[in-house]
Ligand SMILES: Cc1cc2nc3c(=O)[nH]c(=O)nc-3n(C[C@H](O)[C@H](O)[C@H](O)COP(=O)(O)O)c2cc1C
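Only one chain comes next, encoded as structure tokens, the form predicted alone.
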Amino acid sequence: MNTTKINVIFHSIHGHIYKLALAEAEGAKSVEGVEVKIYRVPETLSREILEKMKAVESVESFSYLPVADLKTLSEADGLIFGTPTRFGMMTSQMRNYLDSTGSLWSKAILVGKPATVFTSTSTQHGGQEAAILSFHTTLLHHGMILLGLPYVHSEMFEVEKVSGGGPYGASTLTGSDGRRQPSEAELKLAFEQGKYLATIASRLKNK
């Protein structure tokens, strides 16, 4: 069996997406023959703005991770993207990164690669589904194979507690002040999403 390379690419400010990214990576690693790497997209906000957002400490906590470039996309057999939601769409930082991929598009480098997306919002109805679906548009233009999160996990049927996660992908709610952290159920769904993506990517690589 050939090694299947999965790259997790995320943007995070207050650390919620970072935590989900770690869970996604663990899920992918649980699949035999899979190698996983985690990357962050370049942060475009100045330190001054991050200080006003009280986000310097959280951003520095994952600054040890390498910054994603075009090779991060081209070398992978499968891709997992994570972004907070901004008005029902991805963040400008993630958009800026994807907008730099024209050279890959012109050569059809990403055609046929499986990909999946996870997200976060501050409120329960803050556009989680919209953000993931709008993200899909870019991936479709690249000819990628879109994967979500199948309705086979009990955590997806949770109605007694506030919880993210649905057929489009894993997600979490942060609260308006950002203090709510990903729950055990949300992290479990992120794990399962990473595992699912890696499983399909491995099957495609070794067919």
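Don't overthink the numbering: it's just position in the shown sequence, from 1. As the structure is a computational prediction, the values presented were derived from the model and not from experiment.
Heads up, the form predicted together with the named molecule isn't pictured, but that's what we're talking about next.
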- Query: Which of these residues, 96, 103, 137, 123, gets a heavy atom within 4.5 Å of the named molecule in the model of the complex?
  - Reply: 123
- Item | Of 187, 9, 25, 13, the one that lies within 4.5 Å of the named molecule in the model of the complex (heavy atoms) | 13
- Is residue 21 close to the named molecule in the model of the complex, meaning a heavy atom pair under 4.5 Å apart or at it? no
- residue 114 within 4.5 Å of the named molecule in the model of the complex, heavy atoms: no
- So in the model of the complex, does residue 17 come within 4.5 Å of the named molecule, heavy atom to heavy atom? yes
- Considering only heavy atoms, tell me if residue 174 and the named molecule come within 4.5 Å of each other in the model of the complex. yes
- Item | Stretch 74-96 - residues with a heavy atom within 4.5 Å of the named molecule in the model of the complex | 84, 85, 86, 87, 88
